[in-house]
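There is one chain below, alone, in structure tokens, taken in the form predicted on its own.
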């Protein structure tokens, strides 16, 4: 079967190649999915560039990407929640990375039936971003009338997080650039902050939750706008001490700037590392079928143009998700 593989670490064009690889088979707890569409995410680009070798080591060559939608064509003997012919979507586990291919075998616990009211391409763009937003905001115990700041509202994670927070009844602030203000307003955000002309720190006060999708100085700055006893959840900032232990870093200490800011506000800082979860995807399916959330697709590329899709991802200008149509 055909697959787009990472053949070495480095620049995108030189590091990716289409190869013929063996078709996988479904093991006892797996389903084999005939891939209809796959989406790419910033983590996929970072892996190719070699930025995550220590955290997520992979053998080379390896097939790229994690997000997938398709049709179940084979299932293992222990799988009882899916049947041949089911239309499904998934964010595959790390050890099963490789959705830019004709087929992918996935543990059934990471799979959900696809929302019935959207296309395969729209469904493929959901799993990683949707799970990241859901798991982050649910960890923060989001509820009706919470004030939530979501950074980078036009990105894949941010655009889903806005809709999820609104579905929960929260008041949503978000940041974006001038060109995306109107577009982000249509996602439902209550106050869209144009970071090129406004300083969010002068606008957001006493937020219950800050969802940090930017990292760097934004992680510590988040405590300037969160309320006393509030929570900052980050998906790109520094690890917290509990997460560091999970990654095998036992003597890790939270950076002093974040630790001091957190202590001053008596607020919690938590790094969220998204984990594949079919039950969560089923919750997202329900929200989409109830028209509470809509998938946001920036552009769909045919499989032969998948390397161009990565180059588009690298510009950082996508509004929503970049999807590759496999079949």
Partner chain sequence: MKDLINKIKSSIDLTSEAEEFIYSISEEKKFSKGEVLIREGQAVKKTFFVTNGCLRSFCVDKNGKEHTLLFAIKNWWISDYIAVHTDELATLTVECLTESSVIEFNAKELDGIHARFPEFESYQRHNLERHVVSLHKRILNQLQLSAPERYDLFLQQYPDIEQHTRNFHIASYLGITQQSLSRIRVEKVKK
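The shown structure was predicted, so the numbers you read here are calculated from the model rather than taken from an experiment. Numbering follows the first chain given and starts at 1.
Beyond what is shown, the protein has a form predicted together with its partner chain; the following relates to that form.
Considering its partner chain in the predicted complex, the lone stretch of 112 to 120, 160 to 168, 138 to 146, 232 to 240 in range is 112 to 120 [heavy atom distance within 4.5 Å]. Put simply, residue 224 is far from its partner chain in the predicted complex: not one heavy atom of it is within 4.5 Å.
Remark: residue 288 counts among the residues lining its partner chain in the predicted complex, judged by a heavy atom distance of 4.5 Å or less. Its partner chain is not drawn, but in the predicted complex it has no heavy atom within 4.5 Å of residue 105. Its partner chain is not shown here, and in the predicted complex it never comes within 4.5 Å of any heavy atom of residue 73.
86 is the sole member of 86, 257, 194, 190 with a non-hydrogen atom within 4.5 Å of its partner chain in the predicted complex.
This chain lacks the partner; the member of 299, 275, 270, 294 within 4.5 angstroms of its partner chain in the predicted complex by a non-hydrogen atom is 294. Contacts to its partner chain in the predicted complex (heavy atom within 4.5 Å) from stretch 242 to 260: none.
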